[in-house]
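Next up: a single chain in structure tokens, the form predicted on its own.
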Amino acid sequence: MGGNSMVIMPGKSKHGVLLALLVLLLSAATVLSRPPAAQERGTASESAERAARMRMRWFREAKFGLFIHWGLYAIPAGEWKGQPVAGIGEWIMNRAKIPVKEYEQLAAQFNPVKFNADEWVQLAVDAGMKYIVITSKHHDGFAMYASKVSPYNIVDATPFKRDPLKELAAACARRKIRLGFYYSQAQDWHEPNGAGNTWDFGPDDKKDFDQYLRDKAEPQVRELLSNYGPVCLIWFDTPRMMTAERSQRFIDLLRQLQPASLIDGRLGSAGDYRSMGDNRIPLTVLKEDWEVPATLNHTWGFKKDDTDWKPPSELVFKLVDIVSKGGNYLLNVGPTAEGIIPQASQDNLREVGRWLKVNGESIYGAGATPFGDELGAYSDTEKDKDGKPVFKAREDWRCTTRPGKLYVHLFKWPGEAFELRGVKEAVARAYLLADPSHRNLAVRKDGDSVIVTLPAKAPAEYDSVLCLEMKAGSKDR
């Protein structure tokens, strides 16, 4: 029908229809009164926040991951031309200022015939780790996978001729472990326009850095996101010369090809979570998502003279300390040139895994401590070299949480009773996770303190976990 005619529906008055139309017009006017740009911004912002929460869900549950630094640097293993080279193993090309043409010759020697992807992934499973991050290309510029972008890769340039990342992806899928890739986006000592190699190619500020990004780094990241199944994260590093615009190009790649993949905190602009400094655990609780990358000894890549392994007791403490402050622990191994993860690394990680089999509920998906005094305090008397108060960490106990539960990690057994102050809610029951039957321990309340009667002897060697279940409706504090 045309014109301005109005159809009156049977059973309804003309006034009723007019009133209904007026209500519809007012509703439309309210919606349209919002500026279109504001509507779009609000919708886009809400959508982005939801997507970020979804991406982070597995990371917040996982808490513990395996880092693997493996490459050509495992051949010299900290020594060049018969002389030890100071510093971490994977930086030997930089530390010894090895010319590209000399370092390239290592590729012809690289034949890790003892590499077994299933064994590596099984180690992560045994250790209680939930994700793996491996170097796909470190600063030396050598790709540890079958790259079509550059022939300087493990398939084309070595006698090995296999793609270990493809094999690892398959092994991770079989064991339901997430896989991510470390990629050095800025430093590339093999490329004339990559950052870092000033001994062969001169100052970085004279280079065509965008040529390197455009022709190598970005296409290689595209390969990693396209050819290896689901990638849980890309772990970028040392963001030299990485402007916001350059970083955004990598972000766009990830969001386009694998929108569920995470970006660490070292790309050059904000990632999905914050990367702490190497082996640097924050002093207090952080409210954001974060991760500590850490070594088992003093190096990342294999170095034959570094056998100063952190014992399982220290690894368990660091894992709990990190989780109690709200973070994740990404713990590294450096395989040999043959493809073997050092036995001491394996033994210590499996010991941590045995502890997690008993106490894992206090780690996976656990929240930070609601207290904080147990972490330590700044000294009133001691100053550092800058004249600032020194933080004195305490190591007697830590606390992790789940809704309705407090997990008190007792590193130093307190004797026959433990007092936890600052608990305002009632405790329904208390028990030790190491006790298979979870027998109730005697609990009494004294104001805002909870006193739990304990066995005379600690049930666990490294960390005995006391679980306090709060009464229904109670909050953690």
Ligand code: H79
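When you see a residue number, it is the position in the sequence shown, counting from 1. The model shown is predicted, which means the values in this text are computed figures rather than measured ones.
The same protein also has a form predicted together with the ligand, omitted here; what follows describes it.
J.: Should the three residues D321, K325 and R394 be counted as contacting the ligand in the model of the complex, with contact defined as a heavy atom within 4.5 Å for each?
T.: Checked in the model of the complex: no contact with the ligand for any of the three.
J.: Give a yes or no for W91: in the model of the complex, does one of its heavy atoms lie within 4.5 Å of a heavy atom belonging to the ligand?
T.: Because a heavy atom of W91 falls inside 4.5 Å of the ligand in the model of the complex, the answer is yes.
J.: Give a yes/no on whether K216 approaches the ligand to within 4.5 Å in the model of the complex, heavy atoms considered.
T.: K216: no contact with the ligand in the model of the complex.
J.: So in the model of the complex, is the ligand close enough to H69 to count as touching (4.5 Å, heavy atoms)?
T.: Because a heavy atom of H69 falls inside 4.5 Å of the ligand in the model of the complex, the answer is yes.
J.: Answer with yes or no whether H139 is in contact with the ligand in the model of the complex, where contact means some heavy atom within 4.5 Å.
T.: Within the cut-off, so yes.
J.: Pick from D306, D204, D237, D289: which has a non-hydrogen atom within 4.5 Å of the ligand in the model of the complex?
T.: Selected option: D237.
J.: If the cut-off is 4.5 angstroms on heavy atoms, which of these, K148, R174, R280, R95, is the one near the ligand in the model of the complex?
T.: Of K148, R174, R280, R95, the residue with a heavy atom within 4.5 Å of the ligand in the model of the complex is R95.
J.: Residues in which of 339-347, 131-139, 159-167, 357-365 have heavy atoms within 4.5 Å of the ligand in the model of the complex?
T.: Single hit among the candidates: 131-139.
J.: Do any residues of 288-320 have a non-hydrogen atom within 4.5 angstroms of the ligand in the model of the complex? If so, which ones, in sequence order?
T.: Going through 288-320 in order - heavy atoms within 4.5 Å of the ligand in the model of the complex - there is one hit, W300.
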